[in-house]
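For reference, the chain that follows is the form predicted on its own, supplied as structure tokens.
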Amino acid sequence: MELSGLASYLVSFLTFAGVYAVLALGLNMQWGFTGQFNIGIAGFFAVGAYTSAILTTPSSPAYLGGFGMPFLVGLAGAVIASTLLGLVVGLITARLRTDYLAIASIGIAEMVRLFVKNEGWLTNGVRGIAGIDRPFADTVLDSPLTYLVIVALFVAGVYFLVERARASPWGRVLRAIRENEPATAAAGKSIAGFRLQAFVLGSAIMGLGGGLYAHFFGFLSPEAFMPLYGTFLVWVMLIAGGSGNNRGAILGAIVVWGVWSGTALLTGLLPTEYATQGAALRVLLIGVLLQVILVTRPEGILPEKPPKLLARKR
């Protein structure tokens, strides 16, 4: 029984780490490649999750739903909704400096969270949306292990596409904007246009992560998209793993989620009267971990390396 429980915990841990890896890859597209300081990740995360949930859940008098669409349609809807939100936000903020972009993005994320919390006709408000099925529901393939494989396939697919983009001429322009914006503009490149493209693509990937989360957890509520869980942890994962390195983003998600989960087990052993202090201690430990990594390895566990250029066959 203990071995079975350990295996179940490992499957759950790796699935959550995979969802966060998708979010970290989306952030890497924005910050790691282009230097866009987006601290509104939770907004795109929430939009993707709720869109997929609404499209795939059965009808309910409590919220908009009843479409009963397949899993892949729900994920496609999550990507499209997050893409549209990213396009709107990007058009407004593409020309803003890093600090102004940070202020604007966190404001938009809080607007999304409060909208989700208060518009009960759409999202059931604070009561949340329950009964979000995994793919292959009510079949022999319906299991946490199957969903882990599905999440792993999506992580691999997103990694492949983002890595190809990084090594392409388009990716080189993004890194040039990050390193020397005036020189890139002098070379005739549209700074605002490339920033908008990177921001929208990163937002779409975050929406995909939200959809995967919804079908894994099976229940959504506004508390799941607080800045601590939807933004802060993702940033720590990317910085710790290695900003600009897609492998580092995935490794950072696994390492930081391991620390976060491990501290949950440790604080769970504390007496009841210290439960509140234990929750704050988890955040402190994550902050200490980040400081240690920044001091010992400023570029992250896996520093960014120049990509291998995609050679054209003659």
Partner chain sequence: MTDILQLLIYGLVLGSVLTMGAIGVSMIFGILRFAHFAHGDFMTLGAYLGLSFISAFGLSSWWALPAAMVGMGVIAVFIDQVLYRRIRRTQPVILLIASFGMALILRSLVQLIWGSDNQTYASGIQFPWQLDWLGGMRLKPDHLWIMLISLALVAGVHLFLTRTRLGKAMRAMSDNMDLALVSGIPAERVIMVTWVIGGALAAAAGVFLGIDTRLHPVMGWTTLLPVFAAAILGGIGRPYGAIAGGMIIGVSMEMSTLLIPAAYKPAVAFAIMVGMLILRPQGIFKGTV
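Residue numbers count along the first chain shown, from 1. Since the model is a prediction, treat every value here as computed from it, not as a measurement.
Keep in mind that the form predicted together with the partner chain is not shown, yet the notes after this line are about it.
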item	value
Three-residue site Ala76, Ile80 and Pro169 fully in contact with the partner chain in the predicted bound form at 4.5 Å by heavy atom	no
Leu251, heavy atom within 4.5 angstroms of the partner chain in the predicted bound form	no
Partner contact for Tyr63 in the predicted bound form: the partner chain, 4.5 angstroms, heavy atom	no
4.5 Å heavy atom contact, Arg95 to the partner chain in the predicted bound form	yes
Contact label in the predicted bound form: Leu10 to the partner chain, heavy atom within 4.5 Å	no
Option touching the partner chain, based on a heavy atom within 4.5 Å in the predicted bound form, out of Ile191, Ala152, Ile108, Leu141	Ile108
Contacting member of Tyr159, Phe115, Phe217, Phe136, with respect to the partner chain in the predicted bound form [4.5 Å, heavy atom]	Phe115
Options 159-167, 143-151, 199-207, 116-124; stretch whose heavy atom lies within 4.5 Å of the partner chain in the predicted bound form	116-124
Heavy atom within 4.5 Å of the partner chain in the predicted bound form - qualifying residues of 17-37	Trp31, Phe37
